[in-house]
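In the form predicted alone, a lone chain appears below as structure tokens.
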Amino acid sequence: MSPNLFALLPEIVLTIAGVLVMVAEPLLPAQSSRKPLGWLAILGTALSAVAAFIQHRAVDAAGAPMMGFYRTIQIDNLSVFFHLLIASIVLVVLLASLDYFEGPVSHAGEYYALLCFGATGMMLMSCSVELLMVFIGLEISSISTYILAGFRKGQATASESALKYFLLGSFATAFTLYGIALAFGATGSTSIAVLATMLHSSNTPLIARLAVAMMLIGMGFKVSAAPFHVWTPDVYQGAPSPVVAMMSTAPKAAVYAVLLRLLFNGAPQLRGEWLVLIQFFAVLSMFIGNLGALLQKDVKRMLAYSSIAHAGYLLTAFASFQQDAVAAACFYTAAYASMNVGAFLVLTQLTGYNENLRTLNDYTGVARKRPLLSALLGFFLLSMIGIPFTAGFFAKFYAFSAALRGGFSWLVILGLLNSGFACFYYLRLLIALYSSPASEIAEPSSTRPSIAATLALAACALATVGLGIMPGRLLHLLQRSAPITLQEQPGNSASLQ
């Protein structure tokens, strides 16, 4: 196999899977089930995870990061971690979606293909060490998610969701691209390694500081950090629940990978400047997210504001130094993915395609009719609060510990205060599930979860429990890989050229 092809092996596998789904979809009879296309996408996603594991073995054997495509792609433990995380998210979402799009829609094949293409862009972002390659991956991911947000074409909220996401996403893309252009103007290159060298060897020009700030603004939109969060509640409310499960976790994971490389590897000399912005985004996200969620009656909008708050918690880890920040941020990303994807997949099973359960009142007494799903949703909500022995507890513990080691105790105090605020709206939904309805309410979906959906829910629950009971192993691996991942030395990398 060509070394350059090996550098993008997971992305190539996903691309082939998406193309095969698109080619096969018109060949199926109009009224036939599209489940075989879903299984084809599942197979492709699983093979991409296997390809990422093969890359991990190759990196371990080489003892250093591997470069490809003229040093624009870097295979290292960070890229492998995010490849596996993104593949896992997409895999469980595909499993839970097999019955969700069965019957009500005639274009389910497009859904499976778009998930594959979107994951391809996210993986490309996480392994790119060249800003233009990051931008290409960002666009591939964004275009897919714009379409997926409006996938329920017959509903006005879906069209509103897609349009708002597209328009505001275009502005964010413009900020990112302009920041890349300014970085090229300041350093003569769009390589993160060259950017670091130029900033280290000379007086940092003002244009370089502006470049980093512009890229932070663009990336802040993608992780729904305040004050770039305004799209999040409307998009989450109108998009299908399994799509929200994916877009609230996988694209953000890819962006966090880019931020770790850009800030700690590309612009460590500007730490004093970008750290102020990161802290501002973190504090604003925590307060706006939690206080906004307290005012919501719609459950999906409440969880949207919750995701804004969690972006703030994760960004507190960036206040630490390189090794602690990388480990804490990566762990938080994995923990948040397990519990948030699980929560939205439970909503998928409870509400069905038409999503007839929307407000907190609609969920009143649901536990009497769907006790297992309600218990599972309650477990994920408790993990989001940060109850001990769940993934959410150790995610916050490591993020706040990293900030403490960085010397920012005030940031940790604000984070703990906001965690207290979050208890109110999470517990409000949990109490509604187990309360007696005062009047006639909407009926939850009576359809039993399929075997595939059950596997997806079980995977999320096991990941949430596993990261809560045995977090040390993953954290140790992340800490060990951080220096190799983010200290790129031209003479210390195995070339795939």
Partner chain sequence: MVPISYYLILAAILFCVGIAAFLIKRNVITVFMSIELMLNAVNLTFVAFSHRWHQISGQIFVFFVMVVAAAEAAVGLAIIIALFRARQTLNIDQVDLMKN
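Everything numeric in this text was worked out from a predicted model, so none of it was measured. Positions refer to the first chain, counted from 1.
Another form exists, predicted together with the partner chain; not displayed. Remarks below refer to it.
- Of the residues given (L163, V283, L382, I217), L163 alone sits with a heavy atom within 4.5 Å of the partner chain in the model of the complex.
- S170 is the sole member of S409, S170, N356, T197 with a non-hydrogen atom within 4.5 Å of the partner chain in the model of the complex.
- Residue contact with the partner chain in the model of the complex: Q237 places a heavy atom within 4.5 Å of it.
- In the model of the complex, at least one heavy atom of F135 sits within 4.5 Å of the partner chain.
- Although the partner is absent from this view, L295 contacts the partner chain in the model of the complex, with a non-hydrogen atom inside 4.5 angstroms.
- Taking the partner from elsewhere, N265 is found to have every heavy atom lying beyond 4.5 Å of the partner chain in the model of the complex.
- No member of the trio T333, F344 and I413 reaches the partner chain in the model of the complex with any non-hydrogen atom inside 4.5 Å.
- Partner contact region in the model of the complex: 182 to 190, out of 244 to 252, 182 to 190, 315 to 323, 344 to 352, criterion any non-hydrogen atom within 4.5 Å of the partner chain.
- In the model of the complex, the partner chain lies beyond 4.5 angstroms of every heavy atom of every residue of 31 to 63.
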